[in-house]
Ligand code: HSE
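Here you get one chain, nothing else, as structure tokens; it is the form predicted on its own.
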């Protein structure tokens, strides 16, 4: 059996579920003639209470010790500060990185792009959690010229809007989402649309332009905090539920990206229930393709992280961006009324 030294950076919601899956999938690793050896688990506070399956003896604040013998780094810290520093170091040392960090991918692309092109960066879990959006866009759909893409990419906002349709205020729906673990204690990235904008940027670089600028997506992002319960209820009653939708389409000869709440026709794949995510893609060869799946929750995201680890062990490279910019289409496109 080959031993693979894996360093885990972060043991929060996704990290703890990743550790659980690691312990439950030993038979899968055995089938690949591999055993996973954790070199350490980097955390901010080793004394914090964690599930019983988390190996307490491996928790540390010493990044150097965790990375010293690592052959693979799994980054689940989030953010663009310390995470970028450690990911940069690992990649620079020739160590492949598996990450669910869409903020890092969106905002630090200048640093990461050369490694992504070399197949050293694995990031299936960065978009739509456990649903295979990255693999599909970077793989089976690459034979198409993309015509448009629209996605409900943030399960937290979908859950909040679904609860507002039932008569709850924004504050009540948000508190419920936090109680269920769908929203963080600080939900700004979710409700302001930034999380969806990060994910749209990742997708845009996979299908349209490997250099698609994060700043442009951020400048055209609007969240859901301005919406009132009666407005959301009335839209749902009229058969056009409101969802936060991220869109990529052509306009005046160039690609445009937007994140904003829109009215979606009832029954359309983007009229998602609960925390469900969806992508509506249209290509010149395949026509319309719809991907749906859970977009919030540590376990689903951890499953995608583990899938990338299997992918690496099986000898496949990480996810590469589009090899060159694709000309922007002229339309027509799916019409969605902004609110």
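Numbering follows the first chain given and starts at 1. Just so we're clear, the structure is a prediction, and the values are computed from it rather than from any experiment.
The form predicted together with the ligand exists for this protein as well; it is not shown, and the discussion that follows is about that form.
Of the listed positions (206, 104, 153, 76), a single one reaches within 4.5 angstroms of the ligand by any non-hydrogen atom in the predicted bound form, namely 153.
Residue-level contacts in the predicted bound form: of 214, 123, 249, 182, one residue has a heavy atom within 4.5 Å of the ligand, and it is 182.
The ligand is not shown here, and in the predicted bound form it never comes within 4.5 Å of any heavy atom of residue 198.
The stretch from 233-241, 214-222, 263-271, 184-192 that comes within 4.5 Å of the ligand in the predicted bound form, counting heavy atoms only, is 184-192.
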